[in-house]
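Read the single chain below, which is given as structure tokens and is the form predicted on its own.
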């Protein structure tokens, strides 16, 4: 082992030691901190899995649409199926902490904006977090841009209120929200309370009409809601991108290149080519399912439904929402806590941002030091850093000026798309699809379309830039 390997190992184990120390010391102070530590260690596992599998939705669709390489996109589909089998068991046993989201055309539009943004940024929301753990400066800028944009966007009002239809405003006011929530001066509040909340909320298990919880979960959510659509998408990927190369290879080898058995062999070979991503997806699915079980168990143990109740018991009252809650999803999520980081800072600097639905009614802005979802995201970065260090893949990499600009623009679009869609590529797509939520596929359709448009735009931009540089050199 050379000096670089030893140094990387030392840093990796130092990170693990620091997180362990945090967990032990905070638990000794109050047993309630075990709730935050649970988020911390599951976040750590997510980070390790993401880094190992190079699990990035932006890379998946960019590789697919730009150069015709389907490996990552196929791996993500497989990972969702594997996650679905785990989550179905948790759902059927009544231990799930998942809540489906309202679905409608807004899900598609939000996904479209997010998809364009993640291509511009060069990384999705979760991908940017794990790449930050690898020392990638562009990814860090993406995370910053997503966070700042969300914190501003959720409190937008003034002139933007004129963009909200009267029906949204009337529906929002009719909800009878607490007086502290000023829906009259919040476009995002009118969008959420006056439009999104009025949309249907269904899982495929609900739509199946099956009474038995296990059959409903595995037939409705898994078979109908995940396996069938994923298989169709994989078939589309095979026919459009993988089939030609597979048949060409068989022909060169002197083997038959026609027939259903040949096509099935090609389809299966495409799936097997994504082993690393699929393995990462399997462990993500197991971890995410266990995460739900653990958080449900801790809620039962402490007799609470939300960490905001434990905060109150510990004497921390600042940043709790009007409902007495903070953001405590009980499962893997990414972007909301990033908005909370910046929202808390803005509030400390004097911005009155607790009068909106996002912060003031639902999620709060607790101090990051006692915010469970914050612990999860920070530990995710730590887990990715540990995996990168152990594999000698960690490297500080400062962005160029051009990459920095694209990172900020892409991050801003992802921030807007996340808030319109109530989540990102993880919270609004990966987890929701794996949980049989109808809204997940709608967001995914928009995200895939947005990624396609983003790739096409970059192709045009690159060609235009190269043509200008060539013209300049001729002059």
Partner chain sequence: MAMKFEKRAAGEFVLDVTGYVCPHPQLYTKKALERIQEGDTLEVLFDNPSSSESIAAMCDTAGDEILERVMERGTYRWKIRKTEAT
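Predicted model, so just to flag it, every value in this text is computed and none were measured. So that the term is clear: the rigid core is the largest set of C-alpha atoms that superpose within 1.5 Å between two forms. Positions refer to the first chain, counted from 1.
One more form of this protein exists, namely the form predicted together with the partner chain; it is left out here, but the text below deals with it.
- The contact with the partner chain in the predicted complex, taken as any heavy atom within 4.5 Å, belongs to 69 out of 69, 34, 409, 445.
- The partner is absent here, but in the predicted complex a heavy atom of 138, alone among 203, 147, 353, 138, sits within 4.5 Å of the partner chain.
- Using a 4.5 angstroms heavy atom cutoff to the partner chain in the predicted complex, all of 241, 393 and 467 count as contacting.
- Contact between residue 130 and the partner chain in the predicted complex is found at the 4.5 Å heavy atom cutoff.
- Although the partner is absent here, residue 400 is a contact residue: one of its heavy atoms lies within 4.5 angstroms of the partner chain in the predicted complex.
- Under a 4.5 angstroms non-hydrogen atom cutoff, the partner chain in the predicted complex has residue 119 among its neighbouring residues.
- Though the partner is left out of this view, residue 175 does not reach within 4.5 Å of the partner chain in the predicted complex, counting heavy atoms only.
- None of 60-68, 434-442, 37-45, 409-417 except one has non-hydrogen atoms within 4.5 angstroms of the partner chain in the predicted complex; the exception is 60-68.
- Core-superposed comparison between the shown form and the other one: CA of residue 14 displaced by less than 2 Å.
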